[in-house]
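Single chain ahead, written as structure tokens, the form predicted alone.
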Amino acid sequence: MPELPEVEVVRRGLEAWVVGRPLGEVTVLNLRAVRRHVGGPAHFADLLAGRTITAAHRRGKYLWLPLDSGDVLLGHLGMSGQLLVQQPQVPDETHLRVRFRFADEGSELRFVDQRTFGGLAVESDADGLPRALAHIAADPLDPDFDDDAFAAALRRRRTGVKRALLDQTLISGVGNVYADEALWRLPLHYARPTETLTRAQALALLGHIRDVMTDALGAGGTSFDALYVNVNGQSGYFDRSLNAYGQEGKPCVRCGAPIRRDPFMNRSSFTCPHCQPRPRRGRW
């Protein structure tokens, strides 16, 4: 699933290519793509037609585009969602779900989603943040993120540290890839009980989360396959810089021990068994 860096790369592309442009015809080609929109596909299209996109924002893994009507176009990419800027003459993608044409008849915006886990909706704006995102915490790249409050909240949890990082009500935008990379950088095992962390360790972990996400942004995000691309269809290349995630059996670049993969929450966790030893009483 795209995490904060990948979604931020898409947001920047939308800011460059669609902000300030009035929408023309909006066509929903798959009902699942707008299943979160209460009024249905026709209502979704009617609310957008003729409106101008005024900005492009992100919170964690969510995108939203404010409209001149006061509503917002809210989107989540899910596992395989893509927002692509294409010239009208480019053939439709196999998994094209929603097409946005613009009144200027220039490039169009296409929502493509192979697995249809992503989705779009039009919602009202509540003081600058869509109501659907009210429960989502700020992300670590937000200038208003409260480091001390995060450290205190993390240490109050009674769970494994990686499980806590994946909780979007504590810190948003962190997923499996960047959690593993930040924990490797500290280094810390994913099952380390949160209540045993010192304040200094919690803040150091936050610093590594920021660093790895900033590095990933500089590389255009992480692309393991063709499912994640930016708005121009280009892949990111941070996967070449991963030290832990997906590196099972390869030597740790810090100590040389082979990276280990463990099952974790129907996913996988990757650690160095030497640099990140298992805690005696871990929380899984």
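Please read these numbers as outputs of a predicted model, since none were measured by experiment. Don't overthink the numbering: it's just position in the shown sequence, from 1.
The same protein also exists as the form predicted together with the DNA; that form is not shown, yet it is the one meant from here on.
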{"item": "Option touching the DNA, based on a heavy atom within 4.5 Å in the predicted bound form, out of Arg131, Arg210, Arg199, Arg163", "value": "Arg163"}
{"item": "Listed residue (Arg99, Arg185, His189, His76) with a non-hydrogen atom within 4.5 angstroms of the DNA in the predicted bound form", "value": "His76"}
{"item": "Site check Glu3, His135 and Gln168: each within 4.5 Å of the DNA in the predicted bound form by heavy atom", "value": "yes"}
{"item": "Distance check, His57 to the DNA in the predicted bound form, heavy atom within 4.5 Å", "value": "no"}
{"item": "Arg36, heavy atom within 4.5 angstroms of the DNA in the predicted bound form", "value": "yes"}
{"item": "4.5 Å heavy atom contact, Asn176 to the DNA in the predicted bound form", "value": "yes"}
{"item": "Contact label in the predicted bound form: Thr214 to the DNA, heavy atom within 4.5 Å", "value": "no"}
{"item": "Region of this chain that lies against the DNA in the predicted bound form, out of 45-53, 252-260, 214-222, 61-69 [heavy atom, 4.5 Å]", "value": "61-69"}
{"item": "Within 238-258, the residues that have a heavy atom no more than 4.5 Å from the DNA in the predicted bound form", "value": "Tyr245"}
